[in-house]
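In structure tokens, the next block holds one chain alone, the form predicted on its own.
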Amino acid sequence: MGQIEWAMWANEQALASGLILITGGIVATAGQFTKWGFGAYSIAAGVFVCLLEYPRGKRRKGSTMERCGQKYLTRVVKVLGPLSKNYYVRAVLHLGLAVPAGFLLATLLGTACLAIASSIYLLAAFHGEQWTPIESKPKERPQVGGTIKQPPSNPPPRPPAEARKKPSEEEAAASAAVSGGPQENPVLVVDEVV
């Protein structure tokens, strides 16, 4: 069995946590809760977490699918340096961002989710993982003349591969001898003119 890449799970958890923080902050601010300032803080913290977590990191093995528009935010996250690459720093940062939002009921779920994401990032850092950007490779366009070797000789629908096997030399010689000359009709044909 392969190793679990914890950073991938932490990234998804933290992104969802940021969205939950934003939602809870909007509810608290729009509802004019008694401590609605924590709601406004939660909106700002949630936006920051979403912007930090939106670009996926490259996996060690296999391929990683980029999120839509990730390449633009990847440049910004790369500029942040150790804040983005080191998962120990991310774990502490997320835990620190989660604490003030925990004082309000509307943002408590986002706080709990962000604390879980922080613990998963801590686990990822403990296993030696770090964030590396997904570098997009230039797409190689195949040359039209180079890809088509020879057009198909018989039109579709084609028989299965087993039926398309070429006959051996003996079979080819036997079939050539049979089909080369006139054939006899096994049924007696009588022409009657009335």
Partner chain sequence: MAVSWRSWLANEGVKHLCLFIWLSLNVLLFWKTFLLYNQGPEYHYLHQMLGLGLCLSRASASVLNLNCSLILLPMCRTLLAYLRGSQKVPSRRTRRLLDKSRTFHITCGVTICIFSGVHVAAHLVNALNFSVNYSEDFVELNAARYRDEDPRKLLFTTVPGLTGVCMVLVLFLMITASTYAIRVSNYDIFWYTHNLFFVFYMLLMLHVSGDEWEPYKLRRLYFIWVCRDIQSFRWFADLLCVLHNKFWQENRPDYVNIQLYLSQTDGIQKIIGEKYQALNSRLFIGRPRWKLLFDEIAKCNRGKTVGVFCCGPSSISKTLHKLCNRNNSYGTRFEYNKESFS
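Note that this is a predicted model, so its numbers are computed, not measured. Numbering follows the first chain given and starts at 1.
Keep in mind the form predicted in complex with its partner chain is missing from the figure; the text below concerns it.
message = Is residue 88 near its partner chain? Define near as a heavy atom within 4.5 Å, in the model of the complex.
response = No, residue 88 sits far enough from its partner chain in the model of the complex that none of its heavy atoms falls within 4.5 Å.
inquiry  = Residue-level question: is residue 59 within 4.5 Å of its partner chain in the model of the complex, judged on heavy atoms?
reply    = Yes - in the model of the complex, heavy atoms of residue 59 and its partner chain come within 4.5 Å of each other.
message = Is residue 22 part of the interface with its partner chain in the model of the complex - any heavy atom within 4.5 Å?
response = Contact check for residue 22: no, nothing within 4.5 Å of its partner chain in the model of the complex.
ask   = Might residue 102 be said to contact its partner chain in the model of the complex, defining contact as any heavy atom within 4.5 Å?
value = Although its partner chain is absent here, residue 102 would touch it in the model of the complex, with heavy atoms inside 4.5 Å.
request  = Heavy atom within 4.5 Å of its partner chain in the model of the complex: which of 65, 68, 30, 161 fits that? Just give me the one.
outcome  = The residue from 65, 68, 30, 161 that makes the contact is 65.
key: Contact residue in the model of the complex, from 93, 122, 113, 77 (heavy atom within 4.5 Å of its partner chain)   = Of 93, 122, 113, 77, the residue with a heavy atom within 4.5 Å of its partner chain in the model of the complex is 113.
Partner contacts in the model of the complex for 4-42 (non-hydrogen atom within 4.5 angstroms of its partner chain) = Heavy-atom contacts within 4.5 Å come from 4, 5, 6, 8, 9, 12, 13, 16, 17, 20, 33, 35.
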